[in-house]
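Next up: a single chain in structure tokens, the form predicted on its own.
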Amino acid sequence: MARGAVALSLLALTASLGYGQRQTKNSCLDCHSVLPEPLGVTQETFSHDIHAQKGLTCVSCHGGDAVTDDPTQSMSRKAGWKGKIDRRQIPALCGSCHSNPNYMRQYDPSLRTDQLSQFHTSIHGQRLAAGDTKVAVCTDCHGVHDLRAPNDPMSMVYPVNIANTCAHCHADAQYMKGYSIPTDQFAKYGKSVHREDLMVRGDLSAPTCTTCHGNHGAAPPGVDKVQNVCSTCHVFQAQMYDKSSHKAAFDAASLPGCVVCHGNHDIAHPTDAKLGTGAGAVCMQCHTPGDACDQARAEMLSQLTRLDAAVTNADQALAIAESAGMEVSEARLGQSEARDSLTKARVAIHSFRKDLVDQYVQTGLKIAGKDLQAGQKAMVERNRRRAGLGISLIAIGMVLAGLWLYIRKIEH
């Protein structure tokens, strides 16, 4: 009886192993791994694909039967073989799974399932529906047989790779010919503060193409919507701008808000020089020298320059005192508040209100002045201690000399 049970168990195990082998067999790769591009797909390439890692195979998208080695059966229409997928059919094919919440829940319950509906609203989706097959579809941005998860650093849609992915089309003047849009966005972005934050400082939350334009629902923001895009990150600046005279003036003239002063793809690190009259200045692009706004600009620039110099002077005084071994940690903490006031004053520029800017400047000047005095007092105290130490050393030296003379006298 026991032997029979063991035999049955071994038989069941053998059958299950055979079934597993049949299920995992992929005859598609046996052929395509030796074919040249674009038909060539190796096992190593496909092993990186997120679909393969989740247990899906070639037949999940292309249909057919990957278990048999007979091409007449594996690529038969009866087996549902589709072959090459037409570009116009790719969004719907991807959406057949990715738009099904019940199906996707078994792989990642947190994954959104509205990508296809968003794509239909995008400029890419609209042009594809109109018959333009040059526009981007799912595989252009995510890859085909080596499609990786978005959080994989090798993914085409990993934050540091997104700009390069978009540039495949948008930086190709020949490919974009006929669309009447610039092709220098990628080159400009490469010089921007956003790109520096992302690529140099490693801040993955820094803006890239999809941050401002969207991803599946990609669409260029309208002139009256630019400030809404910027305000998703720059909240306080947007609140100040809404209170400014520029808001009404820009709206009336149909000017794109933030872009007027900061640009879009090539946004440089903002400096006080933007309020000046030299290179990089922006105010005089619209204003007349000597008018009320120009005078306000000059006053605000003067206040910012004054506070910046006060903070710098206090920092230097504290650094000298600290290097001399003096305790100035409390003043160092105060400098953080002074720098915060300087930052707030610079943000308040977006309101174009002198009184508001001056409020933050005066707060910062008060703190920086106090910290400067702390550094100076610390140096006075250091000098006093050094003088006392010098007098003490002289006194000690005189005592030692007297003792030496006294000892010599005793010896004689």
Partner chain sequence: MTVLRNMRNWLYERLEWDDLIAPLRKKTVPLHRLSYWYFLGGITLFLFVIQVLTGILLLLYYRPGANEAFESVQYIMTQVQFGWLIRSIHSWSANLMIFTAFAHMFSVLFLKAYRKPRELTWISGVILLVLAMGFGFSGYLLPWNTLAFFATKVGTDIAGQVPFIGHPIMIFLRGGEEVTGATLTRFFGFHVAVLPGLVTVLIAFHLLLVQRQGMSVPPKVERDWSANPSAKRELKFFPNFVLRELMAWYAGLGVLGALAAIFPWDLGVKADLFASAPAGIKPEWYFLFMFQTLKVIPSKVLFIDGDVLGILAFGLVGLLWLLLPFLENGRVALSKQWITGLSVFALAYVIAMSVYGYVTN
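Under this definition, the rigid core comprises the largest set of C-alpha atoms superposing within 1.5 Å between the forms. Residue numbers count along the first chain shown, from 1. Every value quoted in this text rests on a predicted model; they were computed, and no experiment measured them.
Below, we turn to the form predicted in complex with its partner chain, even though it does not appear here.
Interface membership of E44, defined by any non-hydrogen atom within 4.5 Å of its partner chain in the predicted bound form, is ruled out. By the criterion of a heavy atom within 4.5 Å, A324 is counted among the residues contacting its partner chain in the predicted bound form. Interface membership of S302, defined by any non-hydrogen atom within 4.5 Å of its partner chain in the predicted bound form, is ruled out. Contact between T121 and its partner chain in the predicted bound form is not found at the 4.5 Å heavy atom cutoff.
With its partner chain left out of view, the stretch that reaches within 4.5 Å of it through heavy atoms in the predicted bound form is, among 351-359, 63-71, 36-44, 378-386, 378-386. Shown without its partner, the chain has L389, L393, I396, V399, L400, L403, W404, Y406, I407, I410, E411 in segment 387-412 as residues with a non-hydrogen atom within 4.5 angstroms of its partner chain in the predicted bound form. When the rigid core is held fixed, the Cα atom of A171 travels less than 2 angstroms between this form and the one not shown. Superposition on the rigid core between this form and the one not shown places the CA atom of C94 less than 2 Å from its counterpart. With the core held fixed, the Cα of I267 is displaced between this form and the one not shown by less than 2 Å.
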